[in-house]
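Quick heads-up: it's one chain on its own, the form predicted alone, in structure tokens.
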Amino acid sequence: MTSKWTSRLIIGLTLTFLIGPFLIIILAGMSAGDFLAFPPDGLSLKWYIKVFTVESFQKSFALSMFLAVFGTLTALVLGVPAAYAISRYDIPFGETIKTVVAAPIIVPGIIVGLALLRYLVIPLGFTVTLALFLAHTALVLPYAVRVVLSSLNNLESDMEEAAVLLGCSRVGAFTRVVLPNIQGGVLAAFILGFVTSFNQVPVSLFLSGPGVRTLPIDMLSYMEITFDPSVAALSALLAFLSVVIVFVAEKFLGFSRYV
């Protein structure tokens, strides 16, 4: 009996630790006052409505969506063939290649951002938008390779070999047999990459410029001059969006099987 209550207490404390900050942000964004505070000074939805009217938020949201969608798609175009080659062929230094591919995850984002700023934007004259696009693609690429590689490792190669023996080319076997069977992993990689790119801060902080800022960086800049609850409201909306995306992915794709 004691063990049962102890388990419930531990679960309750864990959930409070995980969910508590989100509840604080949600309630802070519902404050009727003019300054960010908790407990809120009354309740109102005016700050949730305001975030849709701030022009800088609109522009930075559009840029973040562009980077998240097209950066992730580009990473998949590069990552799916790379994962296939690592899975199906005996490549020299295969484990080393896996480690190198995972480098953007292992190396702190501040270092990656500084390196890209120093060697892409300053000497080569890359535009801020192009630099951000390349950076987000590079950051998402390891997730694309790892998740798709996991799907390929769980897929027996017998069906692919049978298709080849029946006269199908390697490319045809990949597009007609392999790709349909790993589409769940590819979609999971896209969702993971999208969320990672959209919420990315350290690299974007170095590469953002005047008028070109992702939404998280714009939120930081907004808080430097304004301390109203609109940032809390926007944070709550973004957290809710991320939870919904992951929930839908788990329900329909079995997201936890790939990550």
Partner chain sequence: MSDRFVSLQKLSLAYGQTEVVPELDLDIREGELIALLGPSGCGKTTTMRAIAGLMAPKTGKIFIDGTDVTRTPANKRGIGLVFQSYALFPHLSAFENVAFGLRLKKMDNLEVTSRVEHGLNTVGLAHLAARKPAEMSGGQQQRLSLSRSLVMEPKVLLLDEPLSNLDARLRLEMRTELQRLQRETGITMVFVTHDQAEALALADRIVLMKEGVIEQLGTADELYNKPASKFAADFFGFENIFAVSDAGIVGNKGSLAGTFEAQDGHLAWRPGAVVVGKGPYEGTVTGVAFAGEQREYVIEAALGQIKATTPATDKRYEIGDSVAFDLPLAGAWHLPEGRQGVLMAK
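Positions refer to the first chain, counted from 1. This one's a predicted model, so the numbers in the text were calculated from it and none came from an experiment.
The following text describes the form predicted in complex with its partner chain, which does not appear among the structures shown.
- Using a 4.5 angstroms threshold between heavy atoms, I97 stays clear of its partner chain in the predicted bound form.
- Under a 4.5 angstroms non-hydrogen atom cutoff, its partner chain in the predicted bound form has V164 among its neighbouring residues.
- Its partner chain is not shown here, and in the predicted bound form it never comes within 4.5 Å of any heavy atom of R88.
- Using a 4.5 angstroms threshold between heavy atoms, P180 counts as touching its partner chain in the predicted bound form.
- Contact with its partner chain in the predicted bound form, defined as any heavy atom within 4.5 Å, is confined among 110-118, 166-174, 138-146, 78-86 to 166-174.
- Screening M159, I105, L73, L130 for any heavy atom within 4.5 Å of its partner chain in the predicted bound form leaves a single hit, M159.
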